[in-house]
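So this first bit is one chain, no partners, the form predicted on its own, shown in structure tokens.
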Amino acid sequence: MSNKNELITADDETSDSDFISRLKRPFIDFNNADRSGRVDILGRLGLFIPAVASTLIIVLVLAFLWVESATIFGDPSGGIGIIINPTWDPNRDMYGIAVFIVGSLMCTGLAIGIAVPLGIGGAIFLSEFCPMRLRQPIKMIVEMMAAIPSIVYGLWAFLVLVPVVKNNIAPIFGSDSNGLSLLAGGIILAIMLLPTVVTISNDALQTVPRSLREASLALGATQSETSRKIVLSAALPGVGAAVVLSLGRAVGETMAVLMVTGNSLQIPYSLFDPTYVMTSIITNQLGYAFVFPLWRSALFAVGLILLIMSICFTLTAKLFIKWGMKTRGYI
């Protein structure tokens, strides 16, 4: 029995010494390295710290939102059921957020459905078909669009897009919409996403080696077939990154969407119905709700679910990108 205890103690001491030696190893390597080796170690450390910090920030934000929203999830008038409850009435302590979730999903889906095909098409045109003398001016204009503040987009949409929806688009479908609608929110959000999709996709297409294009054309493919089946396929990771970034902005956009969607507490059943998105309800009511613990906690719960949705969208998009790369033999 004593021999067994001695063996356990020896194993523990060995594991402790291994752990301590692993901790000391970077410092020993740094001390023994020459000048260039030390620069390399410091460079790796400089890249490691931001990577860990970015992950830590996300974890801390999630923890903060969870702590702030714990009140509503633990209250009898709230609970996890607020996610599927469509009734939002703080005066009666009813904090159902399903209306905002549906509104955000529909508005984001509409915007992505418009922006991604148009953006990828625009990127292919710039990369493969646009004359050289026009390529840089067009690219510069697209990049300038990305720098326009969202409030400016919102003002333009309120003064131009909303009347167009009201007077020109809605009557075609027999609707008497006032223009403040899901369609207006989806269109202005798609316009805001276009520069991101076009710019990043174009940069990805430009990195595809010229030899792939020449080989495809030499085998008898047309320029259109080469662009769609060879260049776009080879640039899939970069195009996927553009979609991921546009998803993140679409879910989190606030001001422009707030100004044109009508902010009505109802689930939209058509493109011309008003809607209310998650970012808008937080912006509109947090100032009033801050002194009411339950109301404030419900708004933080909206923020928590919004962040979780954004993370899920990003992970799903990355899985599709990985699947696309695997089916094309890149991994």
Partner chain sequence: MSTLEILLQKIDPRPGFREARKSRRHFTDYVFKILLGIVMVVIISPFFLVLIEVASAGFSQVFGFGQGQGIEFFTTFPGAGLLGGIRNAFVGTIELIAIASAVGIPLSVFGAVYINEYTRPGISREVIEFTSDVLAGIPSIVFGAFGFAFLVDFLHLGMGLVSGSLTLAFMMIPTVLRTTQEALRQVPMSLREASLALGATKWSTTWNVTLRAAFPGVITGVLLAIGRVMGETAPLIFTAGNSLSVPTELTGPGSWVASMPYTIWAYVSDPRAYLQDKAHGTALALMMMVLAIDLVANLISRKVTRRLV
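The term rigid core refers to the most C-alpha atoms you can superpose between the two forms while keeping them within 1.5 Å. Here the structure is a predicted model, which is why all the values come from computation and not from measurement. Residue numbers count along the first chain shown, from 1.
Form predicted in complex with its partner chain: not shown, discussed below.
Highlighted residues 241, 262 and 294: none comes within 4.5 Å of its partner chain in the predicted bound form, counting any heavy atom. The closest non-hydrogen atom of residue 73 lies beyond 4.5 Å of its partner chain in the predicted bound form.
In the predicted bound form, at least one heavy atom of residue 122 sits within 4.5 Å of a heavy atom of its partner chain. The closest heavy atom approach of residue 223 to its partner chain in the predicted bound form falls within 4.5 Å. Residue 207 falls outside the set of residues with a heavy atom inside 4.5 Å of its partner chain in the predicted bound form.
Residues of 58 to 77 lying near its partner chain in the predicted bound form, listed in sequence order, are 58, 60, 61, 62, 64, 65, 68, the criterion being any heavy atom within 4.5 Å.
Core-superposed comparison between this form and the one not shown: the CA of residue 55 exceeds or equals a 2 Å shift. Relative to the superposed core, residue 292 undergoes a C-alpha shift smaller than 2 Å between this form and the one not shown.
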